[in-house]
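One chain comes next, on its own, written as structure tokens: the form predicted alone.
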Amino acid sequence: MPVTIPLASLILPGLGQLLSGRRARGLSILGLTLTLLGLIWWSLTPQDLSPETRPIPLKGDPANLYWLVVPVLIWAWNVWDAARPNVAPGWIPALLSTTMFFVIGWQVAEINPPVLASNIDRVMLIVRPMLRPDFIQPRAEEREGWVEIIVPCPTEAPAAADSSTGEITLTVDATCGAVGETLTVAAAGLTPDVPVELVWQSPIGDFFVLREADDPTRFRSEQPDAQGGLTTALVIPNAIPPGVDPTMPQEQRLYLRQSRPLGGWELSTNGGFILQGIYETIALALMATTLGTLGAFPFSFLAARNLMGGNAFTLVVYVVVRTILNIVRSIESLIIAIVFVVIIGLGPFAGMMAVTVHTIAALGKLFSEVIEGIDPGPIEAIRATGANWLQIVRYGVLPQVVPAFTAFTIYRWEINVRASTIIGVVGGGGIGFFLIQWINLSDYRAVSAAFLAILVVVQIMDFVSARLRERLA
């Protein structure tokens, strides 16, 4: 073997292999070496965050310079491989590069088990409420009274206010205040010996129960006296929505609620929201699957090469349609939902449109691959009779693809049910819309109930779709 071949690989990794005719191996070695060197360069780039903020070294750590030994060893192996083809074992560069990728990947993912162990109290703060899902509740007589508070104070405000709801009367020492200020609340007409729950309503209508100042894991509860009276003090919480000027006065409310047990069980308030969200989710997925299937059907024939490769024009149509389907399919439906929320506004319609668009692209690709895999015999026989393109599709393609199309449609409906549960996170309606609100409000009992409802619905859909696909097989 000429000495120039290993010398070429010494100068540039993979060059010797290229000169000896092993192009794929040479390009692979060159690409791997350049990738490893680029990864090391990236890992040495200084980072802005301090070690206290990011305790695991990620970027700018001089210790990452030691990883240069890996591309150096692969470079040396590459010279050996150029000098002795089919003798140098290929597992050596694979093992070295895989080890480096995994270790730096560990750093990039910022995996830090001690952080999880040190936050066990915070974990339990979330897990404990989730062990008691808020779906049903003991049947009870509900009573409440509320008073309006303006946060912060406008230029002029009355010194006191009162509000009456039925038999409950509330009075506060001031109708306004800044976040963190203390208000004194007096109530009359309460049911004696029944605990009172303090609930705050934000300017956008969200409710959250006030918690104990010394123990945030416990909800605040007050006990009225024998005459049904109550006087207590509370700190105005920060309930101003993100993006709203905190200096602009906003109307908020303080609710005092009582619940007297009557025996038996009933659907809780959050349970009702869960049923509503699940119904919206299933309806959203059903409509998106139906419209998506109808939209994917014509595109699938235009994206099938065996039907569109007859002449230059149809081949161009095939390439354009196939490219569009691949581009849209590669974009997650959650991202598409954000776009439709901006265009249409919040609600299930935006979510349905996002899932529909993604379904058209996904099913269009699957349907076209089914068409490309059919038996060409019937198509050739029908074409030989002088039939046009539409007749070929009607009599030669459809009878072969309908069972597979139906099975893929059912499977896609199952996928869309799962996708619809998360679309609401960005305002696309369904159970996800309520779920993100409960997470923001730290109502983990409702979060747990929503998780269980989603689990039940997905399992039922999976079971039903599997049985339907078996019958169609």
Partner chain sequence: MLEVQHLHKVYPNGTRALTDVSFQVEDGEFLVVIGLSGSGKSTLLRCINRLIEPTQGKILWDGTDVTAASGAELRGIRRQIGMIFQQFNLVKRSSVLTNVLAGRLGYVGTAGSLAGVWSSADRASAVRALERVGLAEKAQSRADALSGGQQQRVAIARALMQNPKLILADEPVASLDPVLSHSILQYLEQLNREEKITVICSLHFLDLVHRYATRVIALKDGEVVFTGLPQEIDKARFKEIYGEDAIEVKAGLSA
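Since this is a predicted model, take the numbers as computed values, not measurements. Residue numbers count along the first chain shown, from 1.
Below, we turn to the form predicted in complex with its partner chain, even though it does not appear here.
- A heavy atom within 4.5 Å of its partner chain in the predicted bound form is found for exactly one of E212, E142, D375, D193: D375.
- This chain lacks the partner; the member of R220, R383, R305, R253 within 4.5 angstroms of its partner chain in the predicted bound form by a non-hydrogen atom is R383.
- Of the candidate stretches 389-397, 73-81, 142-150, 203-211, only 389-397 has residues whose heavy atoms lie within 4.5 Å of its partner chain in the predicted bound form.
- Contact check for P89: every heavy atom lies farther than 4.5 Å from its partner chain in the predicted bound form.
- The shortest heavy atom separation between P403 and its partner chain in the predicted bound form is within 4.5 Å.
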